[in-house]
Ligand code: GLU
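Below you will find one chain, with nothing else, as structure tokens; this is the form predicted alone, and questions on how it binds or moves follow later.
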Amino acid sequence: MLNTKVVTRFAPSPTGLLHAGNYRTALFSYIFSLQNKGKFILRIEDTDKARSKKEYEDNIVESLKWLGIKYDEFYRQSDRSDLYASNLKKLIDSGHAYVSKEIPKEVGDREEVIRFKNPNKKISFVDLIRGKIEFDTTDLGDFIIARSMNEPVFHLVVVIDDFEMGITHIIRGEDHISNTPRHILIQEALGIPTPLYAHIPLLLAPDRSKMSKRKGALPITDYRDRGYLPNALINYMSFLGWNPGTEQEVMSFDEIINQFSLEKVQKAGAIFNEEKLSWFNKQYIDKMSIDDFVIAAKNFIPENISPKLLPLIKEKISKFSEIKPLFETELSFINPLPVYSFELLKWKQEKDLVNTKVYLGHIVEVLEVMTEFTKESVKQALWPYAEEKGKGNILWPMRFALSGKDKSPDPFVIAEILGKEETVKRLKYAIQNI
């Protein structure tokens, strides 16, 4: 190995918005570096000049920052052209590579490229997740390592960068396993050591196909904008392909770092399930204080909202983007009462609407003399009457009269949020129209 200090890297191409599968690779590499008190490097692989865009690079940096994944060093391959050119010349001069005259198959194809001279040998390496892997490189032929002296391709630049940056452990997706023999051949030709490899399972869509944008895979910033918490996403992604071997699922980042092990990473693909992500997010929301909740959800909570509503909102959502729809459904009672049919005030087992009027009248009488007006005190005052007359007969018309809808929080919660004056006013409105 190049050194005894663990050095890992995340090396994305800025040719599109990356999805959770890409960032799970970054996360595993980051966790492993922290676990070993090592170094984590971000390397932007932008040698594809036609497809690489600054906006995609910016999104990668923004996503890692939001997730809390901190890199110790940053590199951009487009800044390192001289390094690649000198190593390419070294390979040509030593006879390990050569300029190949090509017969263009299509318009625009190169008439000349640089190929690696394949020694056609068997190669084996020990994958930290999959064990010993063997390849016969004969099938690879003399593969392309550059389009010209100034246009190296992935196979060459990744080997040079990993060596120059002192990468000790390459943690990447299993789709790169087939690239590894090429990289080992180039390492041997350049006389540089082979790092340790760990190929993690791919993330799969719910139908077990490879995760992709067409299969519902979203950029990390989309999850942020939909109201997921970074620590929930980190927790969930950690469990995609790895398990500590216990029943515990909700874990702090420190707990994950302490328990993570490449040896426990599974070989089979891991299914990304947004319902499960929402479950994780809900666990983290539930553990929040109201103050922390307000800070985290500040971009989603309407202005001038009653503080009394906050615990109710926190209880009902699994992600912050669900807040706005609540005000159009269950929490719409805070708006002026909608026009509703007064027949709907009657509980389904009550035959006479006159009885409902009597029930509502008694509720008003009880509430009007109350001094303390909380959900607990309102419930305590009305519960004996509800048990006597039937909970549905009392609580249904009260709830409907306060909300004007058949789906809403329980009437005691609504009463506290509306306050005594508005509560009594709405109940009397119902009584007057029966």
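Remember, predicted model here, so these are calculated numbers, not experimental data. Residues carry their position along the shown sequence, with the first being 1.
A second form of this protein, the form predicted in complex with this ligand, is not displayed here; the remarks below concern that form.
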property: Option touching this ligand, based on a heavy atom within 4.5 Å in the predicted bound form, out of Tyr84, Phe116, Phe154, Tyr71; result: Phe154
property: Contact residue in the predicted bound form, from Arg182, Lys346, Lys319, Arg172 (heavy atom within 4.5 Å of this ligand); result: Arg172
property: Arg147: touches this ligand in the predicted bound form, heavy atom cutoff 4.5 angstroms; result: no
property: Partner proximity in the predicted bound form: His176 to this ligand, non-hydrogen atom cutoff 4.5 Å; result: yes
property: Distance check, Pro12 to this ligand in the predicted bound form, heavy atom within 4.5 Å; result: yes
property: Interface membership of Val158, this ligand in the predicted bound form, 4.5 Å heavy atom rule; result: yes
property: Heavy atom contacts to this ligand in the predicted bound form at 4.5 Å, residues of 41 to 78 in sequence order; result: Glu45
